[in-house]
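Considered here are two forms of the same protein chain, supplied as structure tokens in two stand-alone entries, structure 1 and structure 2.
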Structure 1
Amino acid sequence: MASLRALECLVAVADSGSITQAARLLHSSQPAVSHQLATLERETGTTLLRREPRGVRLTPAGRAALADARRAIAAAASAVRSARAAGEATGGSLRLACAQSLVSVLAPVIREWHRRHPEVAITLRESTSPDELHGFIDSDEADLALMPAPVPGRFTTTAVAEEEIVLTAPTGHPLAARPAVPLEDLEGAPLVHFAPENGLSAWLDRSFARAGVRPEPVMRTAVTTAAPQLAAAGLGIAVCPVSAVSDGFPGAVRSFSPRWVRQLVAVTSAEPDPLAARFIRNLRKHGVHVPRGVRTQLAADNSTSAKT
């Protein structure tokens, strides 16, 4: 393969009409350029330029190579420029993934990011299944996933925020009578649960089991935001992240007592690359907006990147 240097020499010679001048342009010596050109001619098997008393001029073969040589040089320069831009968050692309229920959490961060880094192309995939999110990272379909803890240990996680788990119920429901509800009170309560493909399903079951409480599932939905809606419609209560409760929710929303929160973490397959790292910083710094005025708490300062 022809070296880029040789192609630069060809271009410089074409532009200046002389090897000596080209050497000056390239901050090099005349024999060096001469040699590069000779090498290129040997490789192409043709004369690229005619040597004349007052300089050189391109042969048709030289002209033929010239355009591509310019392209090659430009592309190489562009390659390092693109990489550098991505490193400085002024270019490149960032592929995000997140749990479906967290889109509303992520959206304002993305909006703010895009305002500050309009050159970075953002892609967002969402999923209700933690396994699928893990798969996105494993198979390198996403650079970074935002999802609730816990996460398998093979990933690198950065704690980003905490999200409150709340009880939702129809207005006037007995459980909603108190400002904060002990988890034990859910024993036997009619629960709008989640379908197994929704990651919340297994997680809630684990949490209930750990607390020794057994609500009564009356139905299941895969759509996270649907559960509180269904509950408000009178089917029972629902337990879900506060981010799944839409603005203008037509039911009651109550904290648990004690407050119940889960970690939101940024997941990468290893130490985050510069672009992802910067996004993660934004994620933590920018704060996370959650509907209905219930503020998701920012992670404590000591929640740094950690391979669990």
Structure 2
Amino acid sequence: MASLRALECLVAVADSGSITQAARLLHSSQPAVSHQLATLERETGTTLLRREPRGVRLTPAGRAALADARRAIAAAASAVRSARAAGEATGGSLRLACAQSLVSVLAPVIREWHRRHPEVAITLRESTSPDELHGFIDSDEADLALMPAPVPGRFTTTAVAEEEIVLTAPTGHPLAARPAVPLEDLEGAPLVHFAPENGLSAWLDRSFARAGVRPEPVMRTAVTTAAPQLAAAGLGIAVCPVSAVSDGFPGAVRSFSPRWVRQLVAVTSAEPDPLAARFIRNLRKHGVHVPRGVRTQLAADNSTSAKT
């Protein structure tokens, strides 16, 4: 296949009308340019240049190749610019994945990048399955995944933030009357739980088992953000990440005692490239956004607990 240098020689000769001038344009020697052109003619199996007393002229075959040669040179230059921009974290593409409830954590950072770095194309995939998120990284379908720790040791992880696990309940529920709820008080409580395909289901079951607590599931949902809404509607209580509780939540939100948190990490297949590393720094700066109404409830709980 023709080298890029040979195509550059063809274009330079066409533009200058002379091999000598083409060599000057390319900061090369005349024999080197002639060698590249001869190699290109051997590869195409036809004559591309006609030598005349006052220079050289492209043959019909040379003219036919010229437009594609210019496009190939432009494409190569564009590829270099794109790679350089990605390396300098000023351009390229960033493929993100996250646990379903963590879209609200990514959203403000993505919004900021759309405003400040419009040349970076960002895509997002969500999942409720940790294994599926791991698969996105393994199969190179995502550059970075935001999810709770722990993750398998084959990945590189960067701590991003701590996220609180909270109790949600209907307003007026007996557990909501307390400033903070001991986990053991969930014994026998009607629980809006998560469906097996949601990774929170098994994770909460293990957490309850370690605490020796057995709530009573009354229904299950695969959608993380649906559980607190169903709890607020009076079906029971829900235990969920605070990121799953939306602004204007109509029920009660309470912390656990002691406070229950999980670590959120950015997962990559190896050390993050400059673009991913910059995004991770922005994630750490923003942390977990908690809606004002939810934050007010939790702050009141913590204040009451401190006084107690």
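All values derive from a computational prediction rather than experimental measurement. Between two forms, the rigid core is the largest collection of C-alphas that superpose within 1.5 Å. Structure 1 provides the reference sequence; residues are numbered from 1 along it.
Structure 2 derives from the form predicted on its own, whereas structure 1 comes from the other one. Core-superposed comparison between structures 1 and 2: the CA of S255 stays below a 2 Å shift. Taking the core as reference, the Cα of T39 moves 3.5 angstrom between structures 1 and 2.
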